[in-house]
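Below sits a lone chain in structure tokens, taken as the form predicted on its own.
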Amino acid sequence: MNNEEKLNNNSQRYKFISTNDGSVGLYNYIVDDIYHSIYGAREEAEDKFVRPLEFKKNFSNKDNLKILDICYGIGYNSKALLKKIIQTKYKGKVSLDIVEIDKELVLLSPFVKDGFFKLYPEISYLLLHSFGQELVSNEPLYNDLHRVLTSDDNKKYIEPFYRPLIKKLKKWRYINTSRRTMKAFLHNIYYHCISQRNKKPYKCLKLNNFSIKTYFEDARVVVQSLSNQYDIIFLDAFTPSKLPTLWSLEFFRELYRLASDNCMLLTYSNSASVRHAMIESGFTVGKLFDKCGRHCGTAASKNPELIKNKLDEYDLGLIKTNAGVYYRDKNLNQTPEEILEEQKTRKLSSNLESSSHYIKRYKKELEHHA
């Protein structure tokens, strides 16, 4: 059984963790990896995925904005972007496609204490409006989520506004159809959290301008079925060494096909192999820096002008070493173990310089020219 199958079959898949900015993160037992930085799940999303977009400059003039969020998890990247869209009073249409194999996490995402709800309750309302019907109509899934959301052990991780409402939801489900139940649930959120904020015209959020779709499948299957030209793509999969399926050359070629001419693809990974695969796919690639000036990820685009910090001589040299050997997944259907083994074999037979030797050599050359 591979990691993706385990995600759907293990009841003890994750645990909540508190992060330093007050938002809630997750740790995945199956993959043995964290979904979010302990330094701050919300701040990480804003720093690595939203701030580098320079949204007002690069995207606010579009009439239709198409977004693809791969490995949505509990939604911090999409939520941070929706916050930016609301902040800038963007007037166009927004289409958000969510790809996440773990359905429970997606349905859990509007309820966790994420740091957005107090000032931007519209975000969780938009998410629930789009996929909340699944919550009330899927009995086994609803029972699992109800247990998680009402557990005293999880109390500090769930947005306080929702806990009493979730308990009411159980009663409504017994006396109403699922559609009427969700309508009542959404009405409560809108009335108590949003209607007062929308009374002044300049604050009014046109909820009908947002379209959100969810795809609960292997991302490799999903991207091959899509035909949209996306303006923004987030790739937030588990680390390449743990889940190489979403970091292969073939996967990035699919993302290149789906990218508009002025699309920005953002990921937290600084991996030389990932950057090499992006370049081989046709992207111009650059580095991301956080607000403290530290490397925090990678940006890619078909339009070189959108890449603010292009890869420098050191980065390009590293790509040519053993560390830059990218993953291959010829038919986009291999297991993680097969992909890792194939890459290992190519590395051993490549005779490329090791990354450690390259780094030492590069430092010596710098000292020599200093």
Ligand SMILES: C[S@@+](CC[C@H](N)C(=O)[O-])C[C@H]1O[C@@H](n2cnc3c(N)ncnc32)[C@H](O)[C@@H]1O
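One-based numbering along the sequence shown. Not measured: the values here are computed from a predicted model.
The protein also exists as the form predicted together with this ligand; that form is not presented, and the subsequent description refers to it.
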{"property": "Selected contact from 114, 97, 122, 100, since only one has a non-hydrogen atom within 4.5 angstroms of this ligand in the predicted complex", "result": "100"}
{"property": "One residue of 128, 136, 212, 243 in contact with this ligand, assessed in the predicted complex (non-hydrogen atom, 4.5 angstroms)", "result": "243"}
{"property": "Candidate site 51, 81 and 266: all three near this ligand in the predicted complex by heavy atom within 4.5 Å", "result": "no"}
{"property": "Residue 148 within 4.5 Å of this ligand in the predicted complex, heavy atoms", "result": "no"}
{"property": "Interface membership of residue 72, this ligand in the predicted complex, 4.5 Å heavy atom rule", "result": "yes"}
{"property": "Residue 77, heavy atom within 4.5 angstroms of this ligand in the predicted complex", "result": "yes"}
{"property": "is_contact(residue 280, this ligand) in the predicted complex, heavy atom dist at most 4.5 Å", "result": "no"}
{"property": "Contact segment among 291 to 299, 269 to 277, 154 to 162, 102 to 110, judged by heavy atoms lying within 4.5 Å of this ligand in the predicted complex", "result": "102 to 110"}
{"property": "Residues within stretch 213 to 242 having a non-hydrogen atom within 4.5 Å of this ligand in the predicted complex", "result": "217, 218, 219, 236, 237, 238"}
